[in-house]
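Single chain ahead, by itself, as structure tokens, in the form predicted on its own.
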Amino acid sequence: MDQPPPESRRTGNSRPYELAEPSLVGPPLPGEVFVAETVDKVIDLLAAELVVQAVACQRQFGDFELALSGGSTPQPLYDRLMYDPDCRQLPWRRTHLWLVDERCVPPEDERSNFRLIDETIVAHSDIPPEQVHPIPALSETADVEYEAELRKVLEWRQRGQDRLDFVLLGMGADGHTASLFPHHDVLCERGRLVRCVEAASAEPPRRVTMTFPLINAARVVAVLVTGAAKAATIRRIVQGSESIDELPIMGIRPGRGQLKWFLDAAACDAIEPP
């Protein structure tokens, strides 16, 4: 079975912990859409999904290949994974932790995506150091090195399962995701799994990012979008009249996996269910 089925789990007090149900009806985006009234409730939904997928993958494949994004939007999720008792069954000791993208700054720089994840998750979980994979952002060949590391780790899996299990993405108001920015040639990449990019609209402009071929091969791709500043972009996606070049998030289309959106009411034209 290629896709691990969602399953309930139990905490230490044997209380069932199952996927939460969204409380609002969201926009007709491609894939599954989960909407809740507040950011906190959206994080409930996403944390439950992540834990269920992690436990299922570890049981079926022996490990869990997880790629996380940086920035302020996912910070509440990362905090939740550390303090919520319902998240304690996440199998960190059998998890390989990857970065979706990175700014080319020193790891101690406050803009570093790895710094956020390192201080929040790595420092407070029992994940083995050798299973934590920061991007060597200051290397001139960072993209080549990171792609080689990904291939080396994933090739140990059975053929057909040599892919990421769960990729967490965000979305900018301009429609970019990861460090895949509008009107950039990296959007046309079809062979490379990781690329260095220079984006004049970004700060800092030099980034290293996973590409569409790697992201779209994942088992589950979750997109977390919160805040009213993203509502206009969500409407543009729903309208479907713009190209991937204009809205890079439109290029997220998992081929053999699932695409799941996690939105708060402010980020979309959510309505109460009938």
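For clarity, every value in this text was computed on a predicted model and none was experimentally measured. Counting begins at 1, following the sequence as shown.
Omitted from view is the form predicted together with 6-phosphogluconic acid, to which the following refers.
None of 176, 163, 184, 115 but one reaches within 4.5 angstroms of 6-phosphogluconic acid in the model of the complex through a heavy atom, and that residue is 176.
6-phosphogluconic acid is not drawn, but in the model of the complex it has no heavy atom within 4.5 Å of residue 136. None of the heavy atoms of residue 53 is located within 4.5 Å of 6-phosphogluconic acid in the model of the complex.
Within 4.5 Å of some heavy atom of 6-phosphogluconic acid in the model of the complex lies at least one heavy atom of residue 101.
Taking the partner from elsewhere, residue 76 is found to have every heavy atom lying beyond 4.5 Å of 6-phosphogluconic acid in the model of the complex. Stretch 65-73 is the answer when you ask which of 30-38, 65-73, 43-51, 212-220 has residues with heavy atoms within 4.5 Å of 6-phosphogluconic acid in the model of the complex.
Taking 6-phosphogluconic acid as positioned in the model of the complex, the residues of 154-172 that bring a heavy atom within 4.5 Å of it are, in sequence order, 170, 171, 172.
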